[in-house]
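One chain is shown next in structure tokens, namely the form predicted alone.
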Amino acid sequence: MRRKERIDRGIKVRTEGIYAISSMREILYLLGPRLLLIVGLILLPFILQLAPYWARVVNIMCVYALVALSFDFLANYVGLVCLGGGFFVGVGGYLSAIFNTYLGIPFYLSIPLATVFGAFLCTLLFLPCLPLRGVYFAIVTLMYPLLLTRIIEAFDILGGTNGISGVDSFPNQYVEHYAIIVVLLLVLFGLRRFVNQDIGLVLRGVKDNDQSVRASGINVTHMKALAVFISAGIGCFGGAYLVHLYMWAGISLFALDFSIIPIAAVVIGGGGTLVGAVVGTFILVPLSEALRNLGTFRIVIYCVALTAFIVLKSEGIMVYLQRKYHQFERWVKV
């Protein structure tokens, strides 16, 4: 006799969290979605060699994906709804441009330096806001990119409205493409590993009940500052990369697009899954570029598509797909 059984049943019966594999079929079942994402991203530059415009869109898409991961990590694992994605991108971009053009540091050093120093600077500026919660923290973080934009314009510093030009470009297209793709994959899988460690569980505790965490003798402010530092570092790397991609740094790095589109991507892809932020970005950014020729009417289509996703699939695409993937069944002998 034969009966249907869920494919993941054997894995979950043996252990939960630590995989105990007994066959090649189970290995493929677990690695299949991960390999699909990794191989797909690696092959994209080769597939789009005959379409340079869309190859550049992929690079920008990866930058938005990094910012979306930054937002998803802070909002769904720490409980800090940060609307300052543009602030992270702008700080990282300007620092990398300063290091490269003013100090003569090559791009392969200016990008990591801008990432680290930018994360430190953003964390320092956000430190007074960490006791705030909910919408209050979100509103304050939204003010930072707007404030820096007006300061640069008013005092005509850092090139003013003209920005900083003459930033070094990447030496070849392969470095340009794979630098951001490799970092995106490392950040995605690194964050997934991080949130499942003990420190990740503490951060989730801060989100659910920070008073209990504080009663356990853990400094909640330090934990929030660590989370902001990680999130800011991810966004600053995206900004630093973008500056060398465009060979220019300007106040457009603080644009609200870097704050709004990542949030929409997380909502569409599925909050709290991390990979959902990447999937949502891979839907929204190409859709926006494909509709660019329609002028302002593309905003209507964009809003309709976004509303449809939110209303019909409020849980997000990845939550739905993960549930369906774990419901796959096979025939087994009784």
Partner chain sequence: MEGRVPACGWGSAAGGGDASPIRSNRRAGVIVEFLLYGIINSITLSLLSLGFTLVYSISRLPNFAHGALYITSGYIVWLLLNRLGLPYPIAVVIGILATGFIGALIYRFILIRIRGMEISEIIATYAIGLAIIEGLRWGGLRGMTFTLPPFFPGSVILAGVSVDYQRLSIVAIGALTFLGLYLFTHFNKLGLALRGIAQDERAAMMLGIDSDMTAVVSLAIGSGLAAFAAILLLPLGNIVVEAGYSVLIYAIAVCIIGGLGSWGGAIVGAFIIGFAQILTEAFLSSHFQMVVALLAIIVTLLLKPSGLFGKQKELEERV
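Everything numeric in this text was worked out from a predicted model, so none of it was measured. Residue numbers count along the first chain shown, from 1.
Only in words, not in the display: the form predicted together with the partner chain, which the text now covers.
- Considering the partner chain in the predicted bound form, the lone stretch of 111 to 119, 126 to 134, 170 to 178, 233 to 241 in range is 126 to 134 [heavy atom distance within 4.5 Å].
- This chain is displayed alone, yet in the predicted bound form one of L306, I283, A55, I42 has a heavy atom within 4.5 Å of the partner chain; that residue is L306.
- Of the heavy atoms in F46, none are within 4.5 Å of the partner chain in the predicted bound form.
- In the predicted bound form, the partner chain sits within 4.5 Å of a heavy atom of F155.
- Although the partner is absent here, F107 sits far enough away that none of its heavy atoms falls within 4.5 Å of the partner chain in the predicted bound form.
- Proximity of R150 to the partner chain in the predicted bound form: non-hydrogen atoms within 4.5 Å are present.
- Contacts of stretch 233 to 259 with the partner chain in the predicted bound form, defined by any heavy atom lying within 4.5 Å, are made by L256 alone.
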